[in-house]
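As structure tokens, one chain now follows by itself in the form predicted alone.
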Amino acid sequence: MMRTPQPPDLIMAVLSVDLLVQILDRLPDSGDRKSFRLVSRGFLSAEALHRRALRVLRREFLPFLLRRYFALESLDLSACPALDDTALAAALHTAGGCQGLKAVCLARATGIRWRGVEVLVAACPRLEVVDLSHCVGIGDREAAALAAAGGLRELRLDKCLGITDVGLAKLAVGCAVLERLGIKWCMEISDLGIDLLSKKCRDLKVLDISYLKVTNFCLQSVSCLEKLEDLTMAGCSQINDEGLRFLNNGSNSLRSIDVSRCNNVSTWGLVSVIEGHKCLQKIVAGDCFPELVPLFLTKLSGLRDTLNVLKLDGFQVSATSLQIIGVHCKNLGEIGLGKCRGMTDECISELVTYRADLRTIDLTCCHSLTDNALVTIADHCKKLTCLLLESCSLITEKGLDHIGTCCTDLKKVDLTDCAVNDTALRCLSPCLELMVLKLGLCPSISDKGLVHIGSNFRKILELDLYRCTGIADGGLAAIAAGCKSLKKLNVCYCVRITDQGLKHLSFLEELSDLEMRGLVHVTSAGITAIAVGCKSLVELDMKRCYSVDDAGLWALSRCSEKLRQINISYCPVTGVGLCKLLGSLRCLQDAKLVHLTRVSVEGYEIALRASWDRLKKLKLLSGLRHFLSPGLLQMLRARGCRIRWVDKPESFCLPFSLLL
């Protein structure tokens, strides 16, 4: 008897795989692509053929996924904290290698050592991009294994503390076509390593040496890199103006330089850089030197057609200096003036009168600014997309009304600690493109203000309501109804919120980061609603939620499989709940477990042993250091887990029986 063709079979009879792949090209939304591959096996095969990038959340699925998605070009394993050499080698062997793979992210995969790197390089002959940042086990031997990837063009090694000049030398010799390198916080690298790197990797375009203990000699070597476009050297305290003068030779095509927090650099050093590079597009010099000298301001005229970003946080400024910047920097699109001393309404007026094309203005902690500054900005900067006004406490709804009316392209607004109210939010309602809104420490905002947000800001992705004590469950209902794309929400210490408010939030399927400290009326019922509804949740902070017990942790362990970071400090949970949570969440990397007074030492021991191979960060009471077994602590440290011991003995009480 012949089988009656089912609808998916009929579809496959009409649509070829090539046509299905073209359809996938026109589905940018991840949810739509997921629905597509669930139609039938044919659709699933087409999706496997089409997919070029993959982010793996669970180590145990890696072999299966590599076999299915054989056409991958980019693989992100940063969410697999328990990944080690054995698991990586087994997955690559099962998949028969990854011949087309070009980019691999292993950030924070602290179980990876030289054997894993060696297998990866052998299995992926087309490898061009590797990210090993924050892998504390990566050292010179791993660098030597990676050097076999001769086609490597981009490498991130930020905070790989074991790498020295020897490892960098091996990379420089083996990866001669390297174009982008990040070695931020690699404290064992010195001038010698940078010198050899500069001689061997002549194609370098982007270099980050922030916080290294390098000297001026390092910049003498870097100045010979003819193709260098972006140099970041934040916090290099041993470099001074003499070092920057080496960059004056103009032998490279420098477009961006960052000397922020370089305490020994002054405007004279930056002047020499500007003189040698007339095509600079970005200068970051925040918290570097105290004031702008006239010569520096004059030299900016040489960058009138190229300079696009200028960050001068912490400087002493005046109306005259900002007028000069406005007049000379015709192409300026972003300016950072946070914490600048001497900032007044007149300063803003002089700047924006000449620079109407500004798109980003950072005025964080410019306490003297009033509504007059906002009116001036609104009148001139019609294309503004980002306005940061944290702690500008003198502004009111009057100034924001002008901003809302004239700057309708705004995508990010920071009004933290500005004491704005519901009327101010109504004034911003014409800004329909808003994606990030920060309103922390604004207690005058109520549910009425959140209704304005939910009704108008449909594209919002991040909302900060930290200590907005006037909001309650009704406001969260408005947010959940109108802001369906919300990914990050902070409602810490909004003490009127109850379980009902969290039930409203549970309809936000895209929510990945929820901060809800100090919600004293929330119980495990509210946490359960979040766990069941918010399937994308990655970070959860419920410190001081005094009514959340084991039932909430059980719900999270069952439903929040993507959770990577959690804070349950001061919650009345027991060792059973803690063990269930840490043992079940396979993606968990960061846990803050302070003042869990109902958890015994044995409870901590069992829970941490259940997750020792995944955890990268732990926060515990210092009193526990003396009671947890040395073997457990050694295992955690061996896998790169950083334990932060906090000393709060007055709140730390172990049952007497446990001390015997």
Partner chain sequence: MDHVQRPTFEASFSMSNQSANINPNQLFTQFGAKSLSGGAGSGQSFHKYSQNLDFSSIWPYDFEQVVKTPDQVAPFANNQMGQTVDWDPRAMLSKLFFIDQKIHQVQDIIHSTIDIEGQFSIQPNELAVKQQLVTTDLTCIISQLISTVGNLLPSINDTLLSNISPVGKIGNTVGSPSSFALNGTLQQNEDFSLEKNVVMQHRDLIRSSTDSGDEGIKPVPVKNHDVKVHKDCVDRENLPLGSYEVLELKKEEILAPHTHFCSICKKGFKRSANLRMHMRGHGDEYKTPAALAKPRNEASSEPVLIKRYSCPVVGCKRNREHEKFQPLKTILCVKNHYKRSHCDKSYTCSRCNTKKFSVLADLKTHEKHCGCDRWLCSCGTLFSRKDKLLGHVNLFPGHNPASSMGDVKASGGTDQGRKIEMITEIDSLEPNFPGNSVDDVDDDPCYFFPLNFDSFKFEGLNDSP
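Keep in mind it's a predicted model, so treat the numbers as computed, not measured. Rigid core here is just the name for the largest C-alpha set that superposes within 1.5 Å across the two forms. Numbering follows the first chain given and starts at 1.
Omitted here: the form predicted together with the partner chain. The next part is about that form.
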Using a 4.5 angstroms cut-off on non-hydrogen atoms, would residue 449 count as touching the partner chain in the predicted bound form? no
Any chance residue 190 has a heavy atom within 4.5 Å of the partner chain in the predicted bound form? yes
If we define contact as a non-hydrogen atom of the residue within 4.5 angstroms of the partner, is residue 61 a contact of the partner chain in the predicted bound form? yes
Report whether the minimum heavy atom distance between residue 44 and the partner chain in the predicted bound form is within 4.5 Å. yes
In the predicted bound form, segment of 197 to 205, 458 to 466, 254 to 262, 149 to 157 with a heavy atom within 4.5 Å of the partner chain: 197 to 205
With the partner chain left out of view, choose which of 86, 320, 429, 238 has a non-hydrogen atom within 4.5 angstroms of it in the predicted bound form. 86
Can you pick the one in 517, 586, 412, 328 that has a heavy atom within 4.5 Å of the partner chain in the predicted bound form? 586
Is the partner chain in the predicted bound form close enough to 34, 170 and 559 that every residue in that trio has a heavy atom within 4.5 angstroms of it? yes
Flag for residue 59, CA shift 2 Å or larger between this form and the one not shown after aligning core: no
By the 2 angstroms cut-off, has the C-alpha of residue 47 moved between this form and the one not shown once the rigid core is superposed? no
Any chance the CA of residue 69 moves 2 angstroms or more between this form and the one not shown, core superposed? no
